[in-house]
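Consider the single chain below, provided in structure tokens and representing the form predicted on its own.
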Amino acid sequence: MGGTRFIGVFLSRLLVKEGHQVTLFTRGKAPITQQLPGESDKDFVDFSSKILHLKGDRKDYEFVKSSLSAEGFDVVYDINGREAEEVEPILDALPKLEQYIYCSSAGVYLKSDLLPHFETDAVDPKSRHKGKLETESLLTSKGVNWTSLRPVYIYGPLNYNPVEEWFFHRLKAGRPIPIPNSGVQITQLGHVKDLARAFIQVLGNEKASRQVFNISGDKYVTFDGLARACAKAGGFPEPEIIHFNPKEFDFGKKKAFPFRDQHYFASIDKAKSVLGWKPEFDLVEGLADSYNLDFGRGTFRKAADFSTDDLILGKSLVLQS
């Protein structure tokens, strides 16, 4: 379910390399396959020839039931599911399903003073990711063989969320980087290719049956440290960092910074010990991979918008004078 934007683009390639027959269920609004930066023409043609497509809207539940039951799939990778009601028709259509592998989020955890988050930690039923929690509960109640991965912040080439791209825009423009409050808030990023490998390692793995796994990078990083890591990855000079108090500004509906203004990171020990998985990318290497294969080639998802920066920098200059 999904597979043409970010995570699924890398996951589908790994599945094809493993010899699996892969069908992407999408609305067909985006090309079913796209050549990745650095991918040879031969590899792309070979991959494209092996991908099947089922066009439809996953919210058209009757179509989902009829089309999936006709195909009789063995495994479902649900990369873009947000609500439990979107998943139930899939389960109804595939009574002999061998495994349902779900992309959840570490955003489901209840905010806590005790970190990192573990898979057994309390969850927040009011989280904006509550639909993912309800999906995990549904999978449990249905008695199917399921596995759920909970990434923290995901980054890498083709990222459609303003994670590393937000920093790269400012670094390229030679602008200061505005970071809320002290800048020592600790967070965590995981490379999309490492996440894709984790999705492969849970497939058919008895140890992953009815289990949740946090997936992200090995190390945690402060906001200030992330700005410096992005600069190093892109070959930019040491960035000028400006700290600001968000309470002193009215940004309207715009976000002045792309991360939660809090400590937010999770333990990946369970995935390491149970699955034998571990990240291949350290943070700077991973950011360099993203920069070299995407932003550094002049491609990005969102154009630069420095309007909130200008508000912050304007007030900073007044205070300094």
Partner chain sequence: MATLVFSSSLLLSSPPSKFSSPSLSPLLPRFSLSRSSALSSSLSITPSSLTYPTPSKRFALSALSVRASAEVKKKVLIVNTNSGGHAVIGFYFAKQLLGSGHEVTILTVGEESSDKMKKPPFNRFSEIVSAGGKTVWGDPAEVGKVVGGAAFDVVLDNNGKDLDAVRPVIDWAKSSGVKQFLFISSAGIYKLTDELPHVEGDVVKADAGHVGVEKYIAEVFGIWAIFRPQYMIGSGNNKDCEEWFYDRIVRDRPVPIPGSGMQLTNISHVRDLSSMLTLAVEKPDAANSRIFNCVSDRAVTLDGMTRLCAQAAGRPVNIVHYDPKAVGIDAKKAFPFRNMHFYAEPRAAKDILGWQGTTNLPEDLKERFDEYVKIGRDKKPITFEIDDKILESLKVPVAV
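Computed from a predicted structure; not experimentally measured. Numbering follows the first chain given and starts at 1.
Another form exists, predicted in complex with its partner chain; not displayed. Remarks below refer to it.
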I'd like to know if G174 sits close to its partner chain in the predicted bound form, meaning any non-hydrogen atom pair within 4.5 angstroms. no
ask   = Can K130 be called a contact residue for its partner chain in the predicted bound form at 4.5 Å between heavy atoms?
value = no
- Task: Give a yes/no on whether D218 approaches its partner chain to within 4.5 Å in the predicted bound form, heavy atoms considered.
- Result: yes
In the predicted bound form, does K142 come within 4.5 Å of its partner chain, counting heavy atoms only? no
Q. Looking at its partner chain in the predicted bound form, do all three of S12, V45 and S69 come within 4.5 Å of it through at least one heavy atom?
A. no
Answer among 157 to 165, 190 to 198, 208 to 216, 82 to 90 for heavy atoms within 4.5 Å of its partner chain in the predicted bound form: the stretch 208 to 216
None of P125, G204, P95, G235 but one has a heavy atom within 4.5 Å of its partner chain in the predicted bound form; the exception is G204
Partner-free chain; cross-checking its partner chain in the predicted bound form, the single residue of E280, E39, D60, D269 with a heavy atom within 4.5 Å is D269
Applying a 4.5 angstroms cut-off on non-hydrogen atoms, the residues of 19 to 58 near its partner chain in the predicted bound form are H20
